[in-house]
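Have a look below at one chain only, the form predicted alone, in structure tokens format.
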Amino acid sequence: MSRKKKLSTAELLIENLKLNIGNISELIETKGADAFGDDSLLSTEEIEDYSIEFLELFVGILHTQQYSDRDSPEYQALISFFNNCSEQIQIRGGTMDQFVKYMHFLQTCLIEGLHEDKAMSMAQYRDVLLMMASIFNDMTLHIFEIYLGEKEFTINAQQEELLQTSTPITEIWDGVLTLPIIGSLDSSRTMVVMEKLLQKIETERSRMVVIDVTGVITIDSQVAHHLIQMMRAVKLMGATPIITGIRPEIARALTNLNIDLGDVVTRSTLSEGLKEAFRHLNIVVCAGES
């Protein structure tokens, strides 16, 4: 029985890589310039350096005989390598598609290197190809999972930051807060705005809160429900809410939805709402002499 027949599939690939490392490196060098077309995301030298590092890490994971064990140090090292490579490509304006193109380039170079091994049987060649495809597919899937997780984290952080800054609460006068609402109110935004508003009422000991809905495009039952929730919370804090900016179409929508704002004071404009708040607090604002 020949030595080749005694080797495992992983050992076959390791032996092939060791015997043909020169040919594979030459293949990477000659085809490296075409790996990204005219994108110039990685230079030929960088592709060669990355590819040599990849080959060393790839052989390391083959030696473990457990190349799908995501907790192994060898697997983590290879994932870290691919992460660094994909980040470098994206920093230079590339996409994940172009990174996957680079992974396919590496896989193609390895497959072409297998052709040089004439002592490998057809069954062994098939087993090596299947194992290699499994490793690369798993790696690609894992990298995408990490990428999508980071993308989702970034999007959530940006949304949270937008929620925190998109609805400014301003103390326009001692005891008087203004809250302009622009866009729509969903559950998550209502919770953030309400928490900030109640904290501001407590901190500033505010007695009047003027909520301006001029920037609210449409009001449906859900938006109206969130507004009513906000009114009730303001009252529970001992402050008086005033709603301003209810346009005719908004008033019709509220009527059609049979939504009663109860005893909440409403005014047509923010200016009128502030005047009402000042009257409630017995504040008199006089025009200065020119």
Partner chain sequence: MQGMHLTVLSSQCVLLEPGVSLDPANPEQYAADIIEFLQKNRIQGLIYDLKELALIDKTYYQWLKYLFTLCKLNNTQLVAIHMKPSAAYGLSCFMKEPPPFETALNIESARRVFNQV
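Just so we're on the same page, rigid core means the largest C-alpha set that superposes within 1.5 Å between forms. Positions refer to the first chain, counted from 1. Keep in mind that this is a model prediction, so the values were computed, not measured.
The form predicted together with its partner chain exists for this protein as well; it is not shown, and the discussion that follows is about that form.
Colleague: For its partner chain, considered in the predicted complex: do all three of Met194, Leu198 and Ser206 come within 4.5 Å of it, counting heavy atoms only?
Modeller: Every residue of the candidate spot has a heavy atom within 4.5 Å of its partner chain in the predicted complex.
Colleague: Any chance Asp186 has a heavy atom within 4.5 Å of its partner chain in the predicted complex?
Modeller: Flag for Asp186 set to no.
Colleague: Is the gap between His63 and its partner chain in the predicted complex 4.5 Å or less for some heavy atom pair?
Modeller: Heavy-atom contact with its partner chain at 4.5 Å: absent for His63.
Colleague: Taking its partner chain as it sits in the predicted complex, is Ala233 in contact with it (heavy atom to heavy atom, 4.5 Å or less)?
Modeller: Yes, Ala233 sits close enough to its partner chain in the predicted complex that at least one of its heavy atoms falls within 4.5 Å.
Colleague: Against its partner chain in the predicted complex, would Gln222 count as a contact residue? Criterion: heavy atoms within 4.5 Å.
Modeller: Looking in the predicted complex, residue contacts with its partner chain do not include Gln222, since no heavy atom lies within 4.5 Å.
Colleague: If you check Leu27, Met237, Ile259, Val59 against its partner chain in the predicted complex, which one has a heavy atom within 4.5 Å?
Modeller: For this set of options, the contacting one is Met237.
Colleague: Let me know the one among Asp71, Glu150, Glu202, Asp97 whose heavy atoms come within 4.5 Å of its partner chain in the predicted complex, would you?
Modeller: By the 4.5 Å heavy-atom cutoff, the listed residue in contact is Glu202.
Colleague: Based on heavy atom distances of 4.5 Å or less, which listed stretch (125-133, 206-214, 105-113, 77-85) is in contact with its partner chain in the predicted complex?
Modeller: Only one stretch qualifies here: 206-214.
Colleague: Any residue of 209-231 with a heavy atom within 4.5 Å of its partner chain in the predicted complex counts; write them all down in order.
Modeller: Read in sequence order, the lone residue that approaches its partner chain (within 4.5 Å, in the predicted complex) is Gln229.
Colleague: Any chance the CA of His104 moves 2 angstroms or more between the shown form and the other one, core superposed?
Modeller: It does not reach a 2 Å shift.
Colleague: Rigid core fitted, is the C-alpha displacement of Glu204 between the shown form and the other one 2 Å or more?
Modeller: Yes, the C-alpha position differs by at least 2 Å between the shown form and the other one.
Colleague: Would you say whether Gly94 is displaced between the shown form and the other one, judging by a C-alpha shift of 2 Å or more on the superposed rigid core?
Modeller: It does not reach a 2 Å shift.
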